[in-house]
Each structure stands twice: as structure tokens, then as C-alpha cells.
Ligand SMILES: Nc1nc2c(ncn2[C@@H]2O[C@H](COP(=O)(O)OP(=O)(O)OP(=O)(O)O)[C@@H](O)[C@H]2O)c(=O)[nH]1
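As C-alpha cells, one chain now follows by itself in the form predicted on its own.
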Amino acid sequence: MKLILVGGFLGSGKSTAIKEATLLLKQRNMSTGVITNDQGEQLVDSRFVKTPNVPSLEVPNGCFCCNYEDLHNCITVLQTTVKPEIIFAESVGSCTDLVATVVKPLSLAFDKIEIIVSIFVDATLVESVFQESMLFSKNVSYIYKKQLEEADILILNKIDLLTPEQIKRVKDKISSLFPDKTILLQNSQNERHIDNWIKIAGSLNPQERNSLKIDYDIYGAGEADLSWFDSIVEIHSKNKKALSCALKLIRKINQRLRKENIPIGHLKFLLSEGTHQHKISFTSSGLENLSFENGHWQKNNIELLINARAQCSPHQLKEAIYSQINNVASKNKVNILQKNTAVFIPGYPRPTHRIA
């Protein structure tokens, strides 16, 4: 069995790539499974990556390394129930040290498992991070750079947002820093690129990996710099205004955070109505998608799941989002109900197992 462990910083496009990969493998009648992971309980990506007839499990409330037994159990369940040829396991976007805390323990626990570490990189952010532009704090940038060190495959994602000159510059930069890595240029909306990633991951089988040399105090400080927010919001309106109000709310939350110069790790929204859903994401690099076919969305009730990870205090993040919810509700005369809201700073990373 091949386990493709998918890491990389917040907003690098991991979930989109996994979803496209499972759709492609399903067309080929290959058995696959997905395990998602994040800091909160209400996870946009857990819902988003679900593909019909592709089993999907999740490890919430912390990273794989600190919830190793849950990850182990998810793999066991998938092996027992569907016997997948490939499992995609997506780690928290602010998590690192995967080789020592996940790869090596799993390799000891499971026979005949091949693990490939695919680290996604938002190609639009590479230059700013390595030029020390202070987009994020030094502690957060430390996590970003450490993630790249332990990759088997480094995927420079979102190349469709760059010019050919920028792509060459970014690839040259990463190649010079990590000459021993397999580097892929990828647009995860491109089936040919996804197919290439799957083929490369399937052909690799690294035998020896070095655990990171990592300062857990800096790592923990970087985690603490990034507050987490998740909430389920129900929008109830008359005259089929729910969707337009949801889109206004999404725009206003993004605008408010940027107006306050709050660095965004990720800002994710999942719109749901009946059998239809649509994901909208913002990262530090800007807008990913906002337009979509909405003819079948003209309803009075919309559910909006919000996940945000930003470099600010929990209070500041909560206030920025709540103020816009209240603003949209009052100006558009709609009822907006909030459920299961959680706002917090992730705890200090304490791996269950670490093999140095």
C-alpha cells in the first residue's frame, strides 16, 4: 500500500490536489482513501475532499504527530474495510517534523507500507518567504522552511498564477536550496499535472530518511502566532437572497482582515445548499476562486462553514469575523445564526512518538 503524506504550508493547495487525484484514480477504478487533518473540529477540507465512493476519514483537533494513534487507527480502518492501493493523508498546514513523528513510527507499525512525503509550496509566496519580506513572523517562516527540508517531492503549486519568468526564478531558487529533491511544477486544476504527481509518487520508495534537526520552542511559537477560527453559519432570508448575502460576507471578512494588515495563513469557506457545495479560499497570495455557476443556488437558506488561520490574537480574529457577520445581517435584513464556533491558539506541539 502507498501512503502519500501531503504536507505544506497553509493555503498551498493540498486539498484541491487530493480531490483531483481521487477523482482521476476513481476513473481508473483504483481503490483510494483519504485522511484529513486540522486544528479544529469543523473542517472545510474534510467536507470538500469527499468524493463519492472514496472513503474519507479525519483526524481533528491537532496535527497527525500529536494525534498519532488516531492516524494509525484511520489507516487500519481503511486497510480493513476497503484495502486501498493509495491513501492520501493531508497534514495540518502549520505542521512539520513529519519524518520523525509520523513516517518512521508508521513504517515500524505497518508491514508493506510505502510512504511518500509530498510537500506543497504556493509558488506565489516562495520569493517573499526567502527574501525575508516578513509576510509572516520569523517563527512562522521557520515552520515554512522546515517543511521543505523533509520532502521527498517538492511541488511548486499554482504555477498558473505566475509568468514563465517568475516560474523559472522560483524553480531555480528552490532547486538551488534543495538540489537533492524531486521538484514538480504543478497547477492542481490540470489533470496532466495531477497524473504526473501520482506517477512520480508511485515510482519513489525512499529507504533512508533523516529526521529534522528542529527547535521545538521556535516551532511552538510559530504555531502560537497563528490563531484558529471555525464556525458554522446559517443564512436564512426571504426572496432567495441567501447566496448573495453569503458571498458578501465572504468578501467582507477577507477585506476586513487585509485592511487590518493581518497575515492570512488560510481563509476557507464552504457553501452548502442541499446536495450542492462550493469552496472559496483566500490565502496570503490573494483570491483563489469566487465565481461559479449559481443557477441552482437561488434558495432562502445557505450553510456557510468558515475556517480561518491568521497571524493575530484570537480576539482580533473573532472580532474581525463577527463584525462582518453582524454588518451583513443588519444591512441585508437576513437572519444569520452561528453554531459551534471555536477560536483558539493551537497548543505546544508534543508528538506522541518521535524517532530521531
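In this text, residue numbers run from 1 along the sequence as written. Quantities reported herein were computed from a predicted structural model and do not represent experimental measurements.
Beyond the structure shown, there is the form predicted in complex with the named molecule, which is absent from this document and is the topic of what follows.
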Worksheet entry | Residues 96, 118 and 223 all lining the named molecule in the model of the complex, heavy atom within 4.5 Å | no
Item to complete: With heavy atoms only and a cut-off of 4.5 Å, decide whether residue 277 touches the named molecule in the model of the complex.
Response: no
Discussion item. Considering non-hydrogen atoms and a 4.5 Å limit, does the named molecule approach residue 73 in the model of the complex?
Written reply: no
Worksheet item: Does residue 160 make contact with the named molecule in the model of the complex, using a 4.5 Å heavy atom cut-off?
Response: yes
Discussion item. Given that the named molecule is not shown alongside this chain, does residue 187 nevertheless sit within 4.5 Å of it in the model of the complex, heavy atom to heavy atom?
Written reply: yes
Worksheet item: Here the chain is shown alone; which of 244, 284, 281, 254 has a heavy atom within 4.5 Å of the named molecule in the model of the complex?
Response: 281
Item to complete: Using a 4.5 Å heavy atom cut-off, indicate which stretch of 74-82, 150-158, 214-222, 165-173 touches the named molecule in the model of the complex.
Response: 150-158
Practice prompt. Give, in sequence order, every residue of 246-267 that has a heavy atom within 4.5 Å of the named molecule in the model of the complex, or say none if there are no such residues.
Written response: 266
